[in-house]
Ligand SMILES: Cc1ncc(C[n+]2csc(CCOP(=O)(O)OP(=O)(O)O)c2C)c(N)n1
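What follows is a single chain, given as structure tokens, in the form predicted on its own.
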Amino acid sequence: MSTAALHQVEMKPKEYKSEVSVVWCPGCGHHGILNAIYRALSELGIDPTKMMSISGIGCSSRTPYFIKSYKMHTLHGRAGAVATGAQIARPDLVVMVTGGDGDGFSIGGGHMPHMARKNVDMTYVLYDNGIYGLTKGQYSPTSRPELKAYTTPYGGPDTPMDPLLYMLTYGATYVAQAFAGKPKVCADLIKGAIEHRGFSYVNIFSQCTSFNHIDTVEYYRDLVEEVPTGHDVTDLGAAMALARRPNGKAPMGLLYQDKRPTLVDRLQEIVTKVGGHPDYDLNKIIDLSRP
């Protein structure tokens, strides 16, 4: 992201709360993730008027309502596409997408690889609870076969996908994972994702107390294990090896980070080549294109 948006204000985490009351179920892991976002924004000193919070549809997609910022609540699975347009038009803003495993990898699965490969300069925080919670408990792309949900009363027929392997394969330049029960870890990873220039993906396990009764807090606490000390975050092969869970544990921490030109960087190069405005000012580019 543009460093110009960093350290502009001094605000406590609670000051990033909007006037809208949080309506998630008691015990839902999303509460922890939201508090981690508040903490990350506070530590970075993000001016709420310099932030665009964008979501699709789902329990997690209510997040923009609870953050003091500009916001867009878009269509199911289309948050990433809208966020891409917003980031290109306003590369000076902090653009954050919040969504769930169904919104991001089922309905919106076709958009995820292209945001990653284009290296759109945004942060995508995915609340991974292995269920469609808002629509009362349908099987999702990250659901385990053991899950007996509304649409799969005898268990699921599918092998769950691995979001980390997916994003690493398609070229995301910041890939991390955490558990909602570790809010400080979540905040640190979200903070790093916002600071990173390029497409940042943070997968966060989040327990659903209402419809997913197998992926409990206890299950996630036993599942996650901190990324080993000395792990080279610039080594894609090492990151993919960790994501494959060689010891059965899900890695928690920063797996991969790479520096390469963002989508706006490359667009700016093209604009400059054809004689457009070198500062990638969209209004000036439009003016230049007029007869």
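Numbering starts at 1 and runs along the sequence shown. Quick caveat: nothing in here was measured; it's all calculated off a predicted structure.
The same protein also exists as the form predicted in complex with the named molecule; that form is not shown, yet it is the one meant from here on.
Listed residues 251, 64, 29, 58 were compared with the named molecule in the model of the complex; 58 is the one with a heavy atom within 4.5 Å. The closest non-hydrogen atom of residue 182 lies beyond 4.5 Å of the named molecule in the model of the complex.
Although the partner is absent here, residue 133 lies within 4.5 Å of the named molecule in the model of the complex, judged by heavy atoms. Contact check for residue 149: every heavy atom lies farther than 4.5 Å from the named molecule in the model of the complex. Using a 4.5 Å cutoff between non-hydrogen atoms, residue 121 does not count as a contact of the named molecule in the model of the complex. Partner contact region in the model of the complex: 98-106, out of 113-121, 163-171, 98-106, 196-204, criterion any non-hydrogen atom within 4.5 Å of the named molecule.
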